[in-house]
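Starting off, we have a lone chain in the form predicted alone, written out as structure tokens.
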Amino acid sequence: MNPENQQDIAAHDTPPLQAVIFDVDGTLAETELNGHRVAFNRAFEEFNIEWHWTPELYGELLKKTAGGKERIRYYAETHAPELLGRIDLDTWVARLHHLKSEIYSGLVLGGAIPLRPGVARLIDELRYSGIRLAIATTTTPSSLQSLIMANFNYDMMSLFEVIGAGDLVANKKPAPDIYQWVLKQMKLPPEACLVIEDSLLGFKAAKATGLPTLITVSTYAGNYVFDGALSVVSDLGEPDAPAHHIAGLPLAGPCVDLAQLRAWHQQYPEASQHKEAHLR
């Protein structure tokens, strides 16, 4: 069979786009550098521990592990092994992380963390067009709620049908568990959905679930290979502040809208075999 005909059949067989699943940290907003990192450092001070995560160090920690409690434990293992002997280590980590989450929520509600370009525009368009919306993240539900309230003035449950957040699953990204959980709740196959992510760990989780994925690179995205991503762009863009295409399937207009998502989604069988979707 002619390769072009094979691509036409594959595109024809792709189910229509029914749902978009968003990551949170780095995707909805640049939360890591001036949000979570700052909150961690303030929590360390209140706990009287001499830890300080610089922007560079925090970037390295993000590469190693997903999840705030997991990040605290990893840092203790590598920089403060004496803490591992605490009988109440799990409780101590949980308390420290809870304080950090409270500090982070205060930062967000104070307006310190705006949404990334195009996020509010696209979410509104998807909602009004009947596309189902979901969240798949390692961040806590309280942190997500603060971000949504500060930027939409809505409760998060009024925007997103399904919210996979926090410790709902045993294994966090890059494990596919959270995306599998979200799909199960929505009763949808991965082929009917599209994911928007910003990081390599998140992309690996989505890819392992068979989900078509758009990458909007964030501050800590790094010079990573996103092999098999639908497209890699700077952000979702606005009509007066265009997004920049980086790799993968081309961006047709100045910003990512529903028409563009549908076009990319229909090309997923082709894009999943693409071998050059990486940052240059």
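Everything numeric in this text was worked out from a predicted model, so none of it was measured. Start at 1 with the first residue shown and count on from there.
The same protein has a further form, the form predicted in complex with a small molecule, not shown here; the description that follows concerns it.
Using a 4.5 Å cut-off to the small molecule in the predicted bound form, not one of 132, 181 and 209 places a heavy atom inside that distance. The partner is absent here, but in the predicted bound form a heavy atom of 66, alone among 66, 255, 247, 217, sits within 4.5 Å of the small molecule. Just one listed stretch, out of 247-255, 224-232, 30-38, 43-51, contacts the small molecule in the predicted bound form at the 4.5 Å heavy atom level, and that stretch is 30-38. Not displayed here, the small molecule is approached by residue 143 to within 4.5 Å at the level of heavy atoms in the predicted bound form. In the predicted bound form, none of the heavy atoms of residue 204 sits within 4.5 Å of a heavy atom of the small molecule. In the predicted bound form, the small molecule lies within 4.5 Å of some heavy atom of residue 139.
Although the partner is absent here, residue 121 sits far enough away that none of its heavy atoms falls within 4.5 Å of the small molecule in the predicted bound form.
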